[in-house]
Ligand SMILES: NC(=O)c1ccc[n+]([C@@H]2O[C@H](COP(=O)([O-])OP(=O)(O)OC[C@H]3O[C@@H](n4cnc5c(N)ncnc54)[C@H](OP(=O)(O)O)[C@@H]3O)[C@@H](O)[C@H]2O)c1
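Have a look below at one chain only, the form predicted alone, in structure tokens format.
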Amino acid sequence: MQIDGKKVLITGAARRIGALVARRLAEKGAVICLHCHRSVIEGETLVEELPGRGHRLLAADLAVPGKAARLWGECGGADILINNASVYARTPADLPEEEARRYFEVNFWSPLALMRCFASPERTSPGVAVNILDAEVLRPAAQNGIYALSRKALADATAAFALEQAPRNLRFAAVAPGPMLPPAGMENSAMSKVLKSVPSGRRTEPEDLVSAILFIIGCDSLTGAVIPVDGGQHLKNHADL
């Protein structure tokens, strides 16, 4: 798919990786709908800085059921969907139900709702949806419990939608990055210990992740894949660490 002139919805796009994806797609001529939760000021600044015209900022709390479908309606649909928003922490599998539901709402149910809207029966044009996951989806969910399970569920949904929607020229794929940026709220955490689990010994560069996303968008034969962008981290089980 050519990016120039296409409309893109990116969740969690006001800062960090989402903002970088928005910049690169806007540079290639896309019209961006940026979603944010609380980072409204940063989002407004980004909209003003993006090249081109027609970019918009939409705020929504994706932890609230029904907000994702409303977000899609406010955006007015899109040719390209980038599900980037997520919540992360090391979470045991027996996390209290209320908190576990929050993780699944943001990391699985809301992206799933947007994928459903993206692939609505009324749609007649081709499109591509890219889910930004985590290298955790390619390994046993031993250390990150509920978080990892919520991302694995979205990985499975990616494959299911890809198979079902392929005859309609709608593509679904995902990228699974390794250690890249410390999670929000953990900016001062050291990555040296985490990088011991990466065969290459290096972190995932944000630009590498963006390159993988651009490849998915531009390769019309690619659907259903989860592409690891993790320096080989997915090749090692938690038991090896």
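Values in this document were obtained by computation on a predicted structure and should not be read as measured data. Note that residue numbering follows the sequence shown and begins at 1.
The form predicted in complex with this ligand exists for this protein as well; it is not shown, and the discussion that follows is about that form.
In the model of the complex, this ligand sits within 4.5 Å of a heavy atom belonging to residue 85.
Among heavy atoms of residue 197, none comes within 4.5 Å of this ligand in the model of the complex. Though the partner is left out of this view, residue 217 does not reach within 4.5 Å of this ligand in the model of the complex, counting heavy atoms only. The shortest heavy atom separation between residue 79 and this ligand in the model of the complex exceeds 4.5 Å. Judged against this ligand in the model of the complex with a 4.5 angstroms heavy atom cut-off, the residues 16, 38 and 147 are in contact without exception. Listed residues 46, 62, 173, 26 were compared with this ligand in the model of the complex; 62 is the one with a heavy atom within 4.5 Å. Residue 106 is the only one of 130, 106, 137, 113 with a heavy atom lying within 4.5 Å of this ligand in the model of the complex.
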